[in-house]
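Only one chain is given next, in structure tokens, and it is the form predicted alone.
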């Protein structure tokens, strides 16, 4: 295969674009700017940490089933771990989003980074909602039948049936986490490519270096 032909392959173009926009020193940096020591920069990592606990505990709950997490002590513990990690996830994410909003985190060509963070927040709400519907207890039954009227009123109850446990379980365990995971990975990669946003009062040369 000629070198000219190789340049035209989509794999070569993808590799070169990746190396140009996200070299290994940006993907796995060994240093960070001094301002990253500020507490406001911790909530992004805290959100990712909580998400990791959610995924780990959620996989255990999915494999063991409702009888295990309703009737056994280890199941109660993992179920509680999953529930409270979700609460911390939203607390950390809201603080992270508001903190970046007041820092004008879209500066330095970071608008798409900010947008993907907002989309991830919306996707996490849908994931959490379906999670409430698959608890298989009285709360989930009450929530699903209350929500059913709302979805029927806007004409989407026929294909999004919140009282269908199988459908909601599929959405909560597979579909919604997949969307949230992909958006999160894209968001983190964009942060690596552009760098964390400096404080508003940082020197202009720092802003230029991060573009």
Partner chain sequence: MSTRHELESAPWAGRTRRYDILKEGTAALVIITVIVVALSAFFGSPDDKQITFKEWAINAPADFYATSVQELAGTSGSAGYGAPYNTASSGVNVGPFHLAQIIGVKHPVDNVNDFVITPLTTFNNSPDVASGLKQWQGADSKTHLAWATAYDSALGKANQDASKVPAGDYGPVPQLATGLLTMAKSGSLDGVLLSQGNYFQNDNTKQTLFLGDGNYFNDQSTAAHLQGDTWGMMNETGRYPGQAWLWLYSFWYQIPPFNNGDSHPFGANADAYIMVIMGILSLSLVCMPLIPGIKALPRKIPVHRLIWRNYYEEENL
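Positions refer to the first chain, counted from 1. Note that the coordinates shown come from a computational prediction; the quantities given were computed from them, not determined experimentally.
Beyond the structure shown, there is the form predicted together with its partner chain, which is absent from this document and is the topic of what follows.
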{"item": "Interface membership of residue 45, its partner chain in the predicted complex, 4.5 Å heavy atom rule", "value": "yes"}
{"item": "Exercise: residue 50 in contact with its partner chain in the predicted complex, heavy atom 4.5 Å", "value": "yes"}
{"item": "Residue 86: touches its partner chain in the predicted complex, heavy atom cutoff 4.5 angstroms", "value": "yes"}
{"item": "4.5 Å heavy atom contact, residue 184 and its partner chain in the predicted complex", "value": "no"}
{"item": "Contacts with its partner chain in the predicted complex, stretch 97-112 (heavy atom within 4.5 Å)", "value": "97, 99, 101, 102, 103, 104, 106, 107, 108, 109, 110, 111"}
